[in-house]
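Quick setup: one chain, the form predicted on its own, written in structure tokens, and binding and motion questions come after.
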Amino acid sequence: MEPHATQQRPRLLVLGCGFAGFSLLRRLRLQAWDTTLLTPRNYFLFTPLLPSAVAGSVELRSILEPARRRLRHVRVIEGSAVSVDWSAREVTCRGAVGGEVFTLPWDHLVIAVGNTFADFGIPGVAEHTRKLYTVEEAQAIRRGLLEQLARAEVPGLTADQLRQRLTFVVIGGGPTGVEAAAEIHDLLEEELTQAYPELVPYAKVVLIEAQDRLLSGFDEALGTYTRRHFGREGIDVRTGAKVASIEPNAVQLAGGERIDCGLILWAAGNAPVPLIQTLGARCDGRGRLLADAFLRLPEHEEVFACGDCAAVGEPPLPATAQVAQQQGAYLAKALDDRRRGRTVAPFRFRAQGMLAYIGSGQALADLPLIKWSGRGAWFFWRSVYITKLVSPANKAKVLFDWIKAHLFGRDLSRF
């Protein structure tokens, strides 16, 4: 294809529209660059609220922001990178809709392609579990929950059959798994009593974590509080439980126990996307691209990596939205400073703390100066997320969704 470039402006190609890529492009002096964004989706997704969207407390469209609306001076091409030709400075791509193969040239390349799920070699994970990375996956989980409620209404089922269909297993005790378990439990507690009262005694959420505690990245006291809170709410927490295999409607634990269930959500870890393995660049033990303190790949001075696919620092920073957002903002300034001949400082992460929703109107706040939990932390959690949403439209829609769900309940329509 014809290069989309001018002689005056260097060509900047950004792969990915997650927190890192979107943050970079929002802050870059776009008039100084010939900028192209390659993304398989034409929107930015506020992933921290995906568990809420699964349970219907917010709607999926409320946490999407169309890329072209916010990035008006960026050429947005919907597709995925397949490989990179370092000598020709071209990326081979495949179209997101028609699957056509094409190439994009670059003078500066930013790799911000995120990650995917890690199955740790456990049989059945890829085939028999749901994941929570995309809008499509969130829709599938929500539909799966409602389908199990419909299946449980079939006349003539035994108590064991009802329990199997209404047992929902979440594997992974990190923030995503904890929040997903909490949101699903809220859905069952708040809606089943009204819409499916006869099914209430049979419904259960099981949370499985291989380590000895939940939320290992949080303060230990908050992890302990979460386990106690889940126990009071009736969520069955299994820590120190290793998964041996996954079957179509069952989880087999290493100790021999079998948990029959209707739906399995896998939130147990991340792995690199296939593109990373084709680059021939150095990676850390988790398959993330090793980048220096300026987010550059050591082998290629004009190539940068940021977000979940990059390993920066020692030990490497965690793969979180907060890290990715700060790296994107830093890289925008660094690129502009380099363009102007200014000295570029190395990236420095500023930890702002972590938040997690744990259900029943309670949350955790693990901040640098204070750690607390309960209703007050829940109000703080909601306030922070409203401020972090990227547009006034997102903020208004999410706030309206919360009010609507509180006043009228969640929409249980299955489509």
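Not measured: the values here are computed from a predicted model. Numbering starts at 1 and runs along the sequence shown.
FYI, the form predicted in complex with another copy of the chain isn't displayed, but the following is about it.
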Exercise. Do residue 201 and another copy of the chain come within 4.5 Å of each other in the model of the complex, heavy atoms counted?
Worked result: no
For this session: Could you confirm whether residue 231 comes within 4.5 Å of another copy of the chain in the model of the complex, counting heavy atoms only?
Result: no
Problem set entry | 4.5 angstroms heavy atom contact with another copy of the chain in the model of the complex for residue 41 | yes
Problem set entry | Interface membership of residue 404, another copy of the chain in the model of the complex, 4.5 Å heavy atom rule | yes
For this session: Could you check which residue among 257, 299, 136, 220 gets a heavy atom within 4.5 Å of another copy of the chain in the model of the complex?
Result: 136
Exercise. Considering another copy of the chain in the model of the complex, which of 371, 27, 61, 382 comes within 4.5 Å of it through any heavy atom?
Worked result: 61
Problem set entry | another copy of the chain in the model of the complex reached by all of 78, 151 and 408, non-hydrogen atom within 4.5 Å | yes
Seminar exercise, completed: TL;DR on 142-150, 220-228, 269-277, 238-246: the one with heavy atoms within 4.5 Å of another copy of the chain in the model of the complex is 142-150
Exercise. Going by heavy atoms, what in 73-110 lies within 4.5 angstroms of another copy of the chain in the model of the complex?
Worked result: 75, 76, 77, 78, 96, 97, 98, 100, 102, 104
